[in-house]
Structures are given as C-alpha cells and as structure tokens.
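A lone chain, given as structure tokens: the form predicted alone.
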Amino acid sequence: MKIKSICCIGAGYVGGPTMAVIAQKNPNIKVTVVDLNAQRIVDWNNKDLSKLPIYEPGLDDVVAEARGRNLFFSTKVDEAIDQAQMIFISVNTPTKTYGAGKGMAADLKYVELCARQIAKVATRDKIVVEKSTLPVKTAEAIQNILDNTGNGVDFQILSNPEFLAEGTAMRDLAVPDRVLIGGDSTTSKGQEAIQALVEIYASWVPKENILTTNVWSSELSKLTANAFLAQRVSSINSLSELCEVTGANIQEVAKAIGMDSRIGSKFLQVSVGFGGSCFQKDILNLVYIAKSLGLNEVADYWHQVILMNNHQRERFAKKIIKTLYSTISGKTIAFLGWAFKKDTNDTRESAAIYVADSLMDEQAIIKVYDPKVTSTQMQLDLNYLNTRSESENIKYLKTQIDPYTAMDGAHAIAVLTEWDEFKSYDWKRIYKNMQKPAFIFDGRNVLDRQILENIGFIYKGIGY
C-alpha cells in the first residue's frame, strides 16, 4: 500500500511539528493538519513564520519548505478525513478532572470524538494511527467504535507514540532514537498497514531504527518511557534536599554517579521540578492502570515520583518565604521564566505556575519575564488552578516584556526556566537596582554562583 494522502486531527505540539517533518521528507504525500480551533489554523498559515502557534527551534524552516507544497492546515475536518488514506489522531488526552479515575486516568473523550467523526465520514478503507499518548487498550476501544458505527469500511488501527522533547523536537523528529509502530501483525491487512507507515518513516529514518510491535506493547512503551525519565528527575531532586542539609554538593554527586556507564548522565540535572504535558499525566495514567488491575504496590511506587516532584516545587517556594524573613506580603519577586523548559512556549505543568501560586497565597507581587510566553497564557495558567479570583491573579501577577524592568526594585529573583539568555544579563546593573539584601533563588542552577556572590547577591541554588 502506497500512501498518497494523510490527515492529522490536532494541530498542537505533537501534530503540527510531526506532520511538518513527514511532509518535508515525503514531498509526494499530501499532508493536511486539521483542527477545530480556527485561530490556531490561522496562526499555522501566517505568512510571518515567527507567529506560528508553537515555538520550536527549526520548526519555521520546515514549515516554510513544505507549507503550500504538500503541507496544509485547515478547519475542514470532514473533507480531510474523506480524502486521506491514513489518519493520525493527535488530540489532547488530559488527566480526568471528574468521575471515576479523577486526577489520574486519561480523559479519552476527544479521542472518542475523533473516532466517531472518522466512522461517520469514511466511505473507504482507512488506516487510523494513534499519535496521542494513550493508555493501554485504547486502540481496542477505537477499533470497536469504528467497526460498530462505521459504514462497512475496513479500519486498521496502529499505535505510533511520539518521543519528542520540547525544545529539541525538530532534531528528535529528524534523527529519532527509534520510531515505534504497533499493529496487528496476525492479519495480512494489519501487516500492510504497518508496512505502509514504516515506508513513510523509512524515507529518512534508517529501518533498523524503526521498531514494530503489537499495539499493546507500543501503547505501554510510551507511558513507561516517560515514567522512567521522570523517575530519574525525582530521584536526583530527592537527593538535592539531602545535600543541602549535609553540606554535600548535588552537582558533584550527579557527576560522580553519571559517569557510571550503567547509569549515565542524562536527566540528572536538579531543578525546581519537571513539568510539561507528558510526565505527570503519563505517570498518573500508569498509576491508575495499576490500581485498576489491583497492583497497588506498583501504583504506589510510581505515584511517589509525582509526590517527590510536588515536594520539590513546594520546598522551593517555602525556601523563598523563609529566606525573606518569613514574610513576603507586598514584596516583589521577579520570575525569570514561565515555560516549563527552555526553547519552548509550552507552560503545561510548569513549576513556575505552582511556585507563583504559593507565593501569591502570601500576597507577594510576582513580576514575570519569559521570552516566549504571553501574559494571556500566564493568567490562563493561574486561573486554571482556581485557587483565587481572576482579578486577584491580575493584581498579584505582573508580566514584563523587558527582563530588567521585571527585576528593578525586586526583593528577590527566582529562576524558573533555564533560558540561555539569563546567563548573559548585566548582573551588576540588576544588583544596583534591586532591594537589599538582593536574593537570587536559582531553580535551575544555571547562573554562576561565584560571579553573583562577588557582585553582592545572596545566592541560593538547589542541592548545595
């Protein structure tokens, strides 16, 4: 089967970049990305590539090459579904906020809506690809919906989870560690579907890096990969607190254990805590699956990773409050960074949101500078927590478009995102214009402690 037309439902952080690269590498395949969010599609079609709805280094170049040639962004969902041979489902799967599994299970309502829409529209055989991060056995549910509400069409379901790290997503897509494709290899049609997707990726990915499994293994591998990565972050963060109490240096400890070839050095950088759309959601999903199967010890083990991450955020906020003489009411705290990591404008589950919320409970004024996150998004993030009124959030959180303005007159600075530009600021100028004593709480350990202390700052890093 030679694929000539692809549709992707969902123009978000996964669907947009992934389809852009597939279109770039397969100029003979028409790739249409659809979304019901009309403004998002307008932004994807903006002639000014700096206005794309997602910031990802290198994304603008890929979009510029493929858009209008074989890459299209549209709100015409039904038309794209009808024309496509292969349909990717790349919609949001947030943690449930209601009913059974509240706070842990993945909310699959958007995935189910996609399946029902495909079933309603399709009049020809389709390959449906799970791109969203989904719990084990979701493909079975999608298959049931399609088989029982369709128009006698044959649907083959594949699982093709993404393994992208925001900030390096374009490199991850161009040179992936592996591409994972799960499908039903027990039937000839299933084998054809798997091979069709393999051939799309094989246009630029070495075939030895394309791994095929059954659907269930593919779905579980995604959850497990994120759980293992998050576990490393929480593990090193748990030791950072021990280092602070004993006088050890977490950076020295991380270097020592990272040189062990059995462990490796990646994901041993301490911080105020991990964020993003995947780690917490996927671990909670894994916990829910384990609990639902009666595997309580397994569930408790993985849940501890989340508890440690929450603790790391909470203790960072408490350290700021305690250091500022246990009273921050009316004091100004400048935040450097709001995105959950550098080189992205994604703020989902960012540590900055929760630290700001804790400090605002103490009536501190938060002045935030982030090079890519808008003031509107910051307010939306706080309003989502529903811990105070929107007017109170506006009162206590002030967004600045200039970093020096954010830090002028501040009692303390808190680094919440590891943007590279923070290292090159004129710190003598910043110190001169701050309240004294001038505190810096480096939640990413990215600044040079010695230089700052020589200027006069009181520096508080993590883990030493």
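Remember, it's a predicted structure, so these values are computed and weren't measured experimentally. A residue's number is simply how far along the shown sequence it sits, counting from 1.
As for the form predicted together with a small molecule, it is not shown, yet the points below apply to it.
Note that among 248 to 256, 198 to 206, 266 to 274, 314 to 322, the stretch whose heavy atoms approach the small molecule to within 4.5 Å in the predicted complex is 266 to 274.
Lys25 falls outside the set of residues with a heavy atom inside 4.5 Å of the small molecule in the predicted complex.
Put simply, Asn226 is close to the small molecule in the predicted complex: some heavy atom of it is within 4.5 Å.
A residue is said to contact a partner when one of its heavy atoms sits within 4.5 Å of a partner heavy atom; Ala165 meets this definition for the small molecule in the predicted complex. Contact check for Val121: no non-hydrogen atom falls within 4.5 Å of the small molecule in the predicted complex.
Checked against the small molecule in the predicted complex, the candidates Cys243, Ile353, Ala290, Val233 yield a single residue with a heavy atom inside 4.5 Å, and that residue is Val233. The contact residue chosen from Met86, Cys278, Ala334, Leu158 relative to the small molecule in the predicted complex is Cys278, the criterion being a non-hydrogen atom within 4.5 angstroms.
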